[in-house]
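Okay, so we've got the same protein chain twice, two forms, each given alone as structure tokens, structure 1 and structure 2.
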Structure 1
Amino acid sequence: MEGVFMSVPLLLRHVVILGGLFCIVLFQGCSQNLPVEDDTVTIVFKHGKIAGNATPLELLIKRFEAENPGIRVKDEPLPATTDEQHQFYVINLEGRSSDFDVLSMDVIWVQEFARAGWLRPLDGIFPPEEREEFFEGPVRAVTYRGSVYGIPWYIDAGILYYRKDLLEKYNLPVPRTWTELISAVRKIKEKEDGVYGFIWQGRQYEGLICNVMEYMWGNGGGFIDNGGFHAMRQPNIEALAFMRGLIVQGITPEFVTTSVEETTRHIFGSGRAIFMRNWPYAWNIFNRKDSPVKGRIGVTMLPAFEGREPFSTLGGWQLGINRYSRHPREAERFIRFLTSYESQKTLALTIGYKPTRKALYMDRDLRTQQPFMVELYHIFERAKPRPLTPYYMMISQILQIEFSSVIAGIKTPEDALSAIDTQVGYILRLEEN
């Protein structure tokens, strides 16, 4: 009996060895017959359409492929506005689609997507020590219940673009306050035919919220008061009334009520406006060789209300991995590559995506080519986030409708703000339960 038992491990060993040999033979036999491409994994990368020239991103992807033989990246751009992209992801991720592996996410979505279980946690490839090298705002935005679900790719904050040449021609200072901006618009418009004053994003969409919040925060307002949500506050009423006033007084043309980033970028970029609020990406496009405003524009922080400090809305995009991806390891390599120091530097110099890695603001090449990097660093550090909650997009739908009705002159600020309190209060109670 003992002898029989003794021989079992030996037998097993033989089985294992033979099995292994069989597998090797089988594997080799198979791989010899397969076309080479079958060893290659293709990952699909979804991101918003790049304004201006997309070639620099395509070149970066080629470099990644060269450095990572065996991985191909299919670049699949989505429409430019955040709202349209959000819709795409919700439909596809809800349906557990594995058609894409890497996705670029707006700073306001990560909480929602993480809670829904649509993203792979990335703690392993984005450890706490490394997070400290990034701006704090975006890192907070990708953190949900102690884990990270994205790596910040580029950062955004609202800034003021101005026509340096026109301010110089009329001997006017770069406006530090709204009063100065309004008076500069009046003076220049008196003399210059057919030029618009101050343009911004006023269509009923997410960008409008970013704009409105800047006036509210800049006026000492916002939604959180005494630890609770309160929209109906005096500084908020004044902020909305001020924005509507810009249109009524002709400082801002009526068409902003239908404008998004790219609409205003085109108008300002063709030399038809004096001031514009937008994100930093536009600067690179304005300074391209063929740009009518090349060398004639400046950027600075948004103006302030008298006696107050200006605040910009924090924006930006993060790379994450679809929970249903069949190639998570390859996807991880790719997002590590795109968020690296070198890739962020390339994208900052070419497309104008501003780095989320703080060290890049000390980079000599970047500072030489884009001297306003130093000022931008401080703007990004102080930029304020929109509410960090998995329910943000529900809140956003309400804010969009109400803000838009004030900007279009249909509702008073008071009516809109009290409607917001009622409806958002309902959502926040959902969150508590």
Structure 2
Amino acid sequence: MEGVFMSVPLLLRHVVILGGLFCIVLFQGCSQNLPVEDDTVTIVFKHGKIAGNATPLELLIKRFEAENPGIRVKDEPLPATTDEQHQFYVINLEGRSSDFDVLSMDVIWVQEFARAGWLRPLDGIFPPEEREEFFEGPVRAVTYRGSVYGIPWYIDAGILYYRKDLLEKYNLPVPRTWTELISAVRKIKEKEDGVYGFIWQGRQYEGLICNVMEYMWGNGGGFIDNGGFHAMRQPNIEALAFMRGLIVQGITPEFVTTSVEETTRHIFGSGRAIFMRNWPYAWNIFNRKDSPVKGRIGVTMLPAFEGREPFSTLGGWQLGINRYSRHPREAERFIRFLTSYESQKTLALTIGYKPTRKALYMDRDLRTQQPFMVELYHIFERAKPRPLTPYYMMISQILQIEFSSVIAGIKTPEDALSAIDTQVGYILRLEEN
């Protein structure tokens, strides 16, 4: 029996040895199929959802990856509304999240985010000599206490759309002053049934502030006077009174007090208005093949009051880097790519984003395909930012309420501006401390 069967201890020892050899072989075999880690870095890009076709941006990202083999970009769009985007950033950046690297910011957020310490300074990749290649307004907006915290990606400013066919039909000039615009509306409405005169964004939201500031600046007013904040100024009183008067006189329909960009864009785009204040994005839509106003519209600078110069409110988006990003160098390369001449040109031709680089307005391809770019250059040169302060979002809530009360006929301009002086003055004193 002993010659046939091994002892139990000896048998167990052989099982252990064989089992070990089996595990070694199995491990080696499996290890050959395990993925080998490479040096590729993935950065996350957060930005607002693109209206329309997002493919051009996706293709640009693929091109960046091809030119930078060690970097992958995860594109994560946020909701289209700026309020939701702002809320996302505040919650995540306050929590020191490193889940995203590059963020697209509204022009009014940079000061707030920079003061909070949520952004990396970008002076190293956006030196003073390169800033000269961009419009002045956006560069001012990304500058906080001497450092830049973003690179302007694309620019916006308020512009006047007009029915070119109707002005030509009644031999009327493109209005340069508000007096000329009112005169044109009255003459055309006498002959044309079912059209509104001048429509704009009057709902209680950020867009209303953009509209109001343009009237104030176009009347020689504004909030900054001799280096200090002063809302109660005669040009501001006159501007607000004028806006309310447009509604009272029927130049502007009453429903404008509830209108936003898309409301006015649909009305004007259906041929039911003579003039409209809006942003440049609407131009591409109005010139689609199925557009009722295709070939019948023009764009120009917003009117000013008699003897004054016109200005537009600066809008647009900037690219910054999350202070808590684990891959800041790769993020810098991506931002440099997206704000380059070629990338901005691509996005202008495909999506309609207006470049922040001034030289692109002389680009032959852009001028051929989008001839109104020539007019936009001069508008963007004169675009002015809203008050540059880290507390702008708090100030905005005050301005929205007070401006809306005037537009709706609830308050006088004097009462609203007095309230603004008191409340905003208190907030700005907090910043000084």
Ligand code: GLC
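Definition used throughout: the rigid core is the maximal C-alpha set that superposes within 1.5 Å between two forms. Sequence positions of structure 1, starting at 1, serve as the residue numbers. Computed from a predicted model, the values in this text were never measured in an experiment.
Engineer: Please identify the form predicted alone: structure 1 or structure 2?
Structural biologist: Pick structure 2 here.
Engineer: Under a superposition restricted to the rigid core, does Arg120 display a Cα displacement of 2 angstroms or more between structures 1 and 2?
Structural biologist: Indeed, Arg120 is displaced by 2 Å or more.
Engineer: Core aligned, does the CA of Arg386 move at least 2 Å between structures 1 and 2?
Structural biologist: Shift of 2 Å or more: no.
Engineer: By the 2 angstroms cut-off, has the C-alpha of Glu214 moved between structures 1 and 2 once the rigid core is superposed?
Structural biologist: It does not, since the Glu214 C-alpha is displaced less than 2 Å between structures 1 and 2 after the core fit.
Engineer: Superpose the two forms on the rigid core, then give the C-alpha shift of Gly70 between structures 1 and 2 in Å.
Structural biologist: C-alpha shift for Gly70: 8.7 Å.
Engineer: In Å, how far apart are the CA positions of Ile321 between structures 1 and 2 with the rigid core superposed?
Structural biologist: So the C-alpha of Ile321 has moved 4.1 Å between structures 1 and 2.
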